[in-house]
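Before any questions on binding or motion, here is one chain by itself as structure tokens, the form predicted alone.
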């Protein structure tokens, strides 16, 4: 993937991307093995984090380690709150909204703050103006807590949650297949469609734009009260995919910012298309009256130092370049998938095509359940996870903090399991 245009400004002081990266030691002035992808010294990036050097961790997406810049921001806001706990720094709340809005390609007033994806989805479905007899359509590959958020809301309204299947084989999924199945599943009673941008159950990157087009077709002639909203759980796409979440065509986008974005723990966001903000009502009192959407965020006292430091995580990613970050994630995921596919006794369930996948790779080892694969690798100081779904595949995530050597070492140990 090419460099951003030379001299592109990323800060108000006129510092360009290359100046910042060279000054921070993250951009290799001459090519190195660690900087083969997009010119970045990924080893220097890794050293910004407090990782266990003895652990090959392919589960860094779970609850992210924070770079030095984010840790420093948390400590600075904590110091200010300790000095005067009555200074809740409202200007910092606006700064976070601006940072997240810019990062997803939307407006600050269209962003609400939530502590995680689960709470965000619960607020969205719980606040959706849902009537008895209407339906929420989900996929059988959505997270259990996505499903439960919709079910709790539907139960209160006398509505129904329907579960559909949007592809037959995750490894061979096509955009046309998903769009056709979704089109056939939507009925006049469908009030919302919930999908997952990058599925943690399969690693499939869903074609959100095509799904949005299908939903738009279904909405022709509908009244606002019957409009079908497209709700996207985007937690494994945000900061892992080079795209603007607010420009995918969805009506609502929900994501924790403490995974691929490397934000502080307990932080997240909801973006709402302003055309449908009147279709969601707040469930809880809010401290944030910036806009109709901002009111969706729960009020009360929070770990404000974590919340305010989200802007530091956004700055960190912007300086690296979202395209470079996504390119590195794809490079390592492709290396892992290719290695698994060449291993007898291993079945890869994530599409090989980078256009249909991102940083999560799901697979099976013949004769071993997913949790057994995890357990066999643990003594080798290799951390992977299982996808806790209907079929609990073994699962790895390729972060920009991982290295090609870690990928190759993990592949070698998986091959040893098949002998």
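Residue numbers count along the first chain shown, from 1. Not measured: the values here are computed from a predicted model.
Unshown form predicted in complex with a small molecule; subsequent notes refer to it.
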| query | finding |
| --- | --- |
| Of 205, 236, 324, 337, the one that lies within 4.5 Å of the small molecule in the predicted bound form (heavy atoms) | 236 |
| The unique member of 258, 328, 307, 191 whose heavy atoms fall within 4.5 Å of the small molecule in the predicted bound form | 258 |
| Partner proximity in the predicted bound form: residue 139 to the small molecule, non-hydrogen atom cutoff 4.5 Å | no |
| Interface membership of residue 200, the small molecule in the predicted bound form, 4.5 Å heavy atom rule | yes |
| 4.5 Å heavy atom contact, residue 287 and the small molecule in the predicted bound form | no |
| Contact flag, residue 116 vs the small molecule in the predicted bound form, heavy atom cut 4.5 Å | yes |
| Segment assignment from 314 to 322, 212 to 220, 228 to 236, 344 to 352: heavy atom within 4.5 Å of the small molecule in the predicted bound form | 228 to 236 |
